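Starting off, we have a lone chain in the form predicted on its own, written out as structure tokens.
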């Protein structure tokens, strides 16, 4: 691994019956970078996310995070190691408020232990107060504070995506894997999400791997871009190199003639 490597996929393979969704795919993500993962529909992008975050176990190959193999660990174990991901379809609890959803996201909540809750209530209240303050801070940054007491059910698709990003941040990650973070977002909401990601990298040193179909977002935010097709890595390079690559254009648009 490179000295500054945060995440490494090493010849990862994932099969579903006779279908090979990920085919010996290898790449690295450097610490503190924003890396895009793009490709046509069905190219294997979300499957790669699922392998990295423990929803699927690779059939071959390894996933290494901060120098340690995490292949085959459970999703909660991987989250505790420092990787948090979002999903294509937001998974908030719609019967609860925006603020309540935020408060659920924090790891290691002391009130979940019944003995601690009964015997050390002040200790629990101090943590809840801290989590509340952090939730308010995140919601203000995402322009959701005014909706904090509203049911998640009334949020637009873009607002739900922003809330999910806020929840991911509340887990205290070192690396975020974002699956379509601006899907369903308006132009203004997309700008808020993009600026928030840039701020998190600059101020908190977070590392990002992002699947996103809005090419203007990927091209403007990423340091490097990995292109996959039919489960294989087609190429990797800067946004300028990817934009100029003939194979990438053919993968998206088909061969001419």
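Just so we're clear, the structure is a prediction, and the values are computed from it rather than from any experiment. Residue numbers count along the first chain shown, from 1.
The form predicted together with a small molecule is left out here; the points below concern that form.
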- Evaluate residue 21 for contact with the small molecule in the predicted bound form, applying a 4.5 angstroms cut-off between non-hydrogen atoms, and reply yes or no. yes
- Query: Using 4.5 Å between non-hydrogen atoms, is residue 43 touching the small molecule in the predicted bound form?
  - Reply: yes
- residue 27: touches the small molecule in the predicted bound form, heavy atom cutoff 4.5 angstroms: no
- Query: Do residue 164 and the small molecule come within 4.5 Å of each other in the predicted bound form, heavy atoms counted?
  - Reply: no
- Report the residue, out of 156, 74, 97, 88, that has at least one non-hydrogen atom within 4.5 angstroms of the small molecule in the predicted bound form. 88
- Candidate from 53, 33, 190, 47 lying within 4.5 Å of the small molecule in the predicted bound form - any heavy atom: 47
- Task: Sort through 33 to 41, 214 to 222, 66 to 74, 196 to 204 and report the only stretch with a non-hydrogen atom within 4.5 Å of the small molecule in the predicted bound form.
- Result: 33 to 41
